[in-house]
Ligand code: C5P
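What follows is a single chain, given as structure tokens, in the form predicted on its own.
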């Protein structure tokens, strides 16, 4: 994997700020992750003649459509169909849904985009905002987070997904369980000095070098890059390189 492809920028900003941010750092990251801003880009920016999707692609970044689909199989297949023409390179579905649902999404992706040109299909495991207590007592899911993520990763691989989103704490286990080719994408990544002061609603956090060393393939960073700009992006890649050295040691 190219070094650039190991960093995804979470474009979680007010829509009016998005073009300027993409102008500054869009060409320096491998991926731009779009969730709610995807809808705003069409409703608001498009009316002003701004094509945010083209901006991102023209700067050399790939689009990750982060809508976390979870529905009946036929509906999820419809979501995949509706995403054609956006130029996306990755989409995701909730692994807490069924293998059948994920298979339906992947099947439609092969049909719509072609087997050699389809976007990466990534499953969502236990969100990094959920800790052991919330998972057990609020959601009623028994077992440890690690055990549940392992089961979801196995299901995602059976369904034909290319990888899964998890915290850095489950990355090594996923690689051992599903193989090196099964991608681990890790959100809740901060720089060391931000872990206590900028945790916000995240519970299972980590720093770039440790996440890569643990087995994560792609790191997701948002607020750290928004605040730090180009210097923060460069720092993130330096820490990713450090993590790769630790992994190889």
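A quick note: this is a predicted structure, and the numbers were derived from the prediction, not measured. Numbering follows the first chain given and starts at 1.
Omitted from view is the form predicted in complex with this ligand, to which the following refers.
At the 4.5 Å threshold, heavy atoms of residue 187 reach this ligand in the model of the complex.
Residue contact check for residue 222: one or more of its heavy atoms lie within 4.5 Å of this ligand in the model of the complex. Although the partner is absent here, residue 68 lies within 4.5 Å of this ligand in the model of the complex, judged by heavy atoms. Not displayed here, this ligand is kept clear of residue 161 by more than 4.5 Å at the level of heavy atoms in the model of the complex.
Checked against this ligand in the model of the complex, the candidates 101, 148, 109, 165 yield a single residue with a heavy atom inside 4.5 Å, and that residue is 165. This chain appears without its partner; in the model of the complex, the one residue of 173, 120, 127, 141 with a heavy atom within 4.5 Å of this ligand is 127. Only one segment in the set 22-30, 60-68, 47-55, 176-184 has any non-hydrogen atom within 4.5 angstroms of this ligand in the model of the complex, and it is 60-68.
Shown without its partner, the chain has 12 as the single residue in segment 12-27 with a non-hydrogen atom within 4.5 angstroms of this ligand in the model of the complex.
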